[in-house]
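Okay, so here's just one chain, in structure tokens, the form predicted alone.
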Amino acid sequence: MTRFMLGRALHSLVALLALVVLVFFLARLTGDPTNLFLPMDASLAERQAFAERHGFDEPLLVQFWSYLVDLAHLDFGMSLFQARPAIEPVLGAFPVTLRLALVTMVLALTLSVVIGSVAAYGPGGLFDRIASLLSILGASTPDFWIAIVGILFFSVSLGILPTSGTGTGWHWIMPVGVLLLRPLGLLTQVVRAAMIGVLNSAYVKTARAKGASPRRVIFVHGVRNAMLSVITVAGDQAAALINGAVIVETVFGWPGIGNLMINAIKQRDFAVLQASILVTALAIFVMNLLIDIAYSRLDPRIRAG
């Protein structure tokens, strides 16, 4: 088990280092921050002083080496726009995104297990056909389109839901609803397929023959044995929720890590952008590692492989 964990952690570390390199150089392609932070009529001396103060006058490889040295000391740099350590706004925004993703994932898992299990109990029936159609639509419809249509319908036309903010429970309905559709659709299909296989197994047929109720057959004998494949997809979707929050938070003005990234790109605030992506990637890698460990606990063949 220890070798398995170390191997997965090493793969994650290599991917994280590659991401650090990629983000650093791609961020510089957005342009020179001097053009945003200084007026158009700024003199050459003022521009040079700004570049020297923030290290932009150094060659790009020298800047990258300085960034790596600072990162090794857990120094993520200073925010140009906010004039404070870049990690501070990131640590302030990331819990907001985590809460949004957590609420969405709990709802997606709960609803998908119920809907997928009931659909699998009567495959080919009316409920199964409706659930399959809606789950496919939910999994394939773009998040940004649903978000815009939701604002037009519920906020502009009906005026019943706010378009942005996090002040009340009403502010959560559209962001959670938009983020919920894709994982709910995918997980419902996975639960349905896994449950059909489990419900056709010999021990379930034996339980039915002994007079077990449909509820007991589904949620006692079926769900417990179908969760192995569901856990894997649920882990991937949990990580995808954090990535998908970038679009949803931007549309709904949600003060999370996604909105912070977009603003950092617009402001060419390299330190905040790099810190945001690094913290998000680290959280996803840790999440995937925990899921791999849980999966290997449930199926010892994974560890042996």
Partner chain sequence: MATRLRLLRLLRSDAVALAAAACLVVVVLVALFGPMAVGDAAGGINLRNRNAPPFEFTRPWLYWLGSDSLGRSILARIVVAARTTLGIALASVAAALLVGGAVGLVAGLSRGRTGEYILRGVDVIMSFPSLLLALIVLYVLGPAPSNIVIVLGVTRLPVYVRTARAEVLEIRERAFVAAAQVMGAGPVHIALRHVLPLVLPTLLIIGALDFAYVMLAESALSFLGIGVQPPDITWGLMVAEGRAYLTAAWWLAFWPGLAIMMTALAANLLAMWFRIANDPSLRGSLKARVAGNG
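Positions refer to the first chain, counted from 1. Computed from a predicted structure; not experimentally measured.
Below: the form predicted together with its partner chain, not depicted.
Novice: Do residue 271 and its partner chain come within 4.5 Å of each other in the model of the complex, heavy atoms counted?
Specialist: Looking in the model of the complex, residue contacts with its partner chain do not include residue 271, since no heavy atom lies within 4.5 Å.
Novice: Should residue 291 be classed as touching its partner chain in the model of the complex when contacts are defined as heavy atoms within 4.5 Å?
Specialist: Output for residue 291 is no: heavy atoms all beyond 4.5 Å of its partner chain.
Novice: Please check if residue 63 has a heavy atom lying within 4.5 Å of any heavy atom of its partner chain in the model of the complex.
Specialist: Although its partner chain is absent here, residue 63 would stay clear of it in the model of the complex, with no heavy atoms inside 4.5 Å.
Novice: Just to confirm, residue 262 within 4.5 Å of its partner chain in the model of the complex by heavy atoms?
Specialist: Yes, residue 262 sits close enough to its partner chain in the model of the complex that at least one of its heavy atoms falls within 4.5 Å.
Novice: Which of 21, 287, 15, 9 has a heavy atom within 4.5 Å of its partner chain in the model of the complex?
Specialist: By the 4.5 Å heavy-atom cutoff, the listed residue in contact is 15.
Novice: Considering non-hydrogen atoms and a 4.5 Å limit, which listed residue (133, 72, 83, 126) is close to its partner chain in the model of the complex?
Specialist: Answer to the contact question: 133.
Novice: Heavy atoms, 4.5 Å, its partner chain in the model of the complex: which of 138-146, 73-81, 167-175, 95-103 makes the cut? Say which one.
Specialist: This holds for exactly one stretch, 138-146.
Novice: Is it true that 26, 151 and 266, all three, sit within 4.5 Å of its partner chain in the model of the complex, judged by heavy atoms?
Specialist: Each of the three qualifies.
Novice: Could you run down 237-262 and flag each residue that has a heavy atom within 4.5 Å of its partner chain in the model of the complex?
Specialist: In sequence order, 239, 242, 243, 246, 247, 250, 251, 261, 262 come within 4.5 Å of the partner.
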